[in-house]
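Below sits a lone chain in structure tokens, taken as the form predicted alone.
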Amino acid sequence: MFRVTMKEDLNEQDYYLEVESPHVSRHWRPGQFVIIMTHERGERVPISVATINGGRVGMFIKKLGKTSVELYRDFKVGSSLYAVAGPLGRPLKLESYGTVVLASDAVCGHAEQLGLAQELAKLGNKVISIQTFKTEKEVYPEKYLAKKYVDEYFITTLDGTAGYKGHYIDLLRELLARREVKAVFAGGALANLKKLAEATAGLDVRVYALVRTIMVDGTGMCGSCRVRYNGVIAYACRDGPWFDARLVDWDDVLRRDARFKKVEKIALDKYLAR
């Protein structure tokens, strides 16, 4: 079993959960993820890894659906999850690029930044981090930000209550116009990753996006995370979850990601009505 060792609020919607998982801790590499199950018949939920601390794995989770809300409400420190499967997906083949920008606007992207920043720094890159939140109230506690691992750090808020006013795409446009950025790694809202791909079309910079979509088995067998990529079919869990952003068919990704919204709402409503 996978015992919960720490749980802390990041803001009103997001929380940090740390569980014992020595196998994942030993083998995880940046870019890979885990699938968690709260109980034997529970939903299988793909989650980005934020921290590795000894034999423990830390994750950022949003209270969004039935399982994430159940995990927040019903699982305390000392409780055990039924499964933490992984590490899954392809590790990123990181290089010494030069100047690299990490960008995120949602929980999975914020989590991915921590491991990526540390690994890219080891490779001698100059790492710039941009993390976007809706408002100042949603900014994570400083110990959970990528700030301490990078050379330059920016917070942006959509309402301008903290840091730069706007989205990371707005600030990234400015950086790309005046700096020689060689690579961008971005994660978070899928619709904004589509906008990122469009905003960087034709520019001489590598742009990689985290395609965190619906997954079930995590090995490519179920086909739920199918992605039209560079004219062929790929699977986010097996071939990703990181892809060249400008080769992804984002309209197809967004359409497929919305397939189960109605069922997910029904499951959450039933859980909340217990």
Partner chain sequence: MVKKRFTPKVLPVSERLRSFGEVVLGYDYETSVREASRCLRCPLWFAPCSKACPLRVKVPAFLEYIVKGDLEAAARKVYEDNLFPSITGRVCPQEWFCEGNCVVSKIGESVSVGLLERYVGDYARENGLDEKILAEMVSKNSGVKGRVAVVGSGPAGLSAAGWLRLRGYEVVVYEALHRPGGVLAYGIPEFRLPRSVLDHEIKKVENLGVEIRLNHVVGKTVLLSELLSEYDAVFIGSGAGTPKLLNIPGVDLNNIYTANEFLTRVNLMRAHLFPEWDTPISVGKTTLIIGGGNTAMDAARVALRLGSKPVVVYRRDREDMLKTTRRDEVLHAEEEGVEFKYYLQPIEFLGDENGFVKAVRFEVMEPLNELDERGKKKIVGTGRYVEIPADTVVIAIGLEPNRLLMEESGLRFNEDGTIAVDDHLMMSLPGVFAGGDAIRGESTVVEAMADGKRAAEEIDLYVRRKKGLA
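Positions refer to the first chain, counted from 1. Predicted model only: the values in this text are computed from it and were never measured.
Separately, the form predicted in complex with its partner chain exists; it is not shown, and the next lines address it.
**Student:** Would you check, heavy atoms only and a 4.5 Å threshold, whether residue 9 touches its partner chain in the predicted bound form?
**Tutor:** Heavy-atom contact with its partner chain at 4.5 Å: absent for residue 9.
**Student:** Could you tell me if residue 73 has a non-hydrogen atom within 4.5 Å of its partner chain in the predicted bound form?
**Tutor:** No - in the predicted bound form, heavy atoms of residue 73 and its partner chain never come within 4.5 Å of each other.
**Student:** Report yes if any heavy atom of residue 37 sits within 4.5 Å of a heavy atom of its partner chain in the predicted bound form; otherwise report no.
**Tutor:** Contact with its partner chain, yes.
**Student:** Taking heavy atoms and a 4.5 Å cut-off, does residue 58 contact its partner chain in the predicted bound form?
**Tutor:** Outside the cut-off, so no.
**Student:** Can you tell me which of 198-206, 94-102, 79-87, 139-147 lies within 4.5 Å of its partner chain in the predicted bound form, counting heavy atoms only?
**Tutor:** Stretch with heavy atoms near the partner: 79-87.
**Student:** Quick check: do 67, 228 and 239 each get a heavy atom within 4.5 Å of its partner chain in the predicted bound form?
**Tutor:** Affirmative, all three are within 4.5 Å.
**Student:** Listed by sequence position, which residues of 99-127 have a non-hydrogen atom within 4.5 angstroms of its partner chain in the predicted bound form?
**Tutor:** Stretch hits: zero.
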